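Starting off, we have a lone chain in the form predicted on its own, written out as structure tokens.
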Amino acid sequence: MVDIPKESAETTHHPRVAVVWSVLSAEIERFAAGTGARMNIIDVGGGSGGFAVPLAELGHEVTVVEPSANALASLRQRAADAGVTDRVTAVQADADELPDVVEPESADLVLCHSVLEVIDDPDIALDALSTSCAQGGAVSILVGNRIAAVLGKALMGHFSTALDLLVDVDGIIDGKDTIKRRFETATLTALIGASGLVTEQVHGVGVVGDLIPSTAVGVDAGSGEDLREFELATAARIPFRDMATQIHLLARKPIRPRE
């Protein structure tokens, strides 16, 4: 099993990200079993290091590519506090600039979490992710789910808004959304396939966590162990998976045959 440092355990086991960490931990174990080495990881849009710093604490080399100078400043402080400054590199750039700031096929694992919803051209960004990923490497993608947005509005009695989300091709509310698009599993996997990556796993993140009141689990809804176990148990099961707040997908870059 991957040894998660004590100071990182609360972050990595939080119900909101437990499913993602479960997938990433399995990928890290798979890589270690094959090479015995630590990974070279690129975190695109990694912000202040919520994933990058815990991964660096595990001994991996992590490059965070992030357009916000303020987020990168917080990342550097967070890395310093955790004692992993030497394993975290901060680069100010957008997702589509990835080929200009990292070597092609240099990353064993690429993270792109909550990014594709807010950029202009997700297809260009995915091509950049694929280019930076090593052959046989993996890409972790986390996006907002249109089905969950429709369901959430309907459960609150906002049926007109729910219908708007349902019929809009990008799953947004015109003039009211802070993001540019939401995805469904089929549209996301098709977009990823066009970039040359092969989808291996799809999980739902936040199957019920954002829909229930905190009193429903007896403790704060963001930290209940029962909620965490429920999320892990339902994340890959249809129809629960496809109703989650976010879709998490792990894709792999095929190894090209030798000529």
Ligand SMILES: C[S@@+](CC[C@H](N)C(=O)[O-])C[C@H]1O[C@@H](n2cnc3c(N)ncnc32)[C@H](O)[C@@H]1O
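Numbering starts at 1 and follows the sequence shown. Treat the numbers as computed from the prediction; the structure is a model and nothing was measured.
Here the subject shifts to the form predicted in complex with the ligand, a form of this protein not shown in this document.
Of the candidate stretches 184-192, 101-109, 156-164, 88-96, only 88-96 has residues with heavy atoms within 4.5 Å of the ligand in the predicted bound form. In the predicted bound form, Gly46 approaches the ligand with a heavy atom inside 4.5 Å. Among residues of the shown chain, Glu66 is one whose heavy atoms approach the ligand to within 4.5 Å in the predicted bound form.
Under a 4.5 angstroms non-hydrogen atom cutoff, the ligand in the predicted bound form has Ser114 among its neighbouring residues.
Not displayed here, the ligand is kept clear of Ile147 by more than 4.5 Å at the level of heavy atoms in the predicted bound form. Only one of Ala73, Ile173, Val118, Ala80 lies close to the ligand in the predicted bound form, with a heavy atom inside 4.5 Å, and it is Val118.
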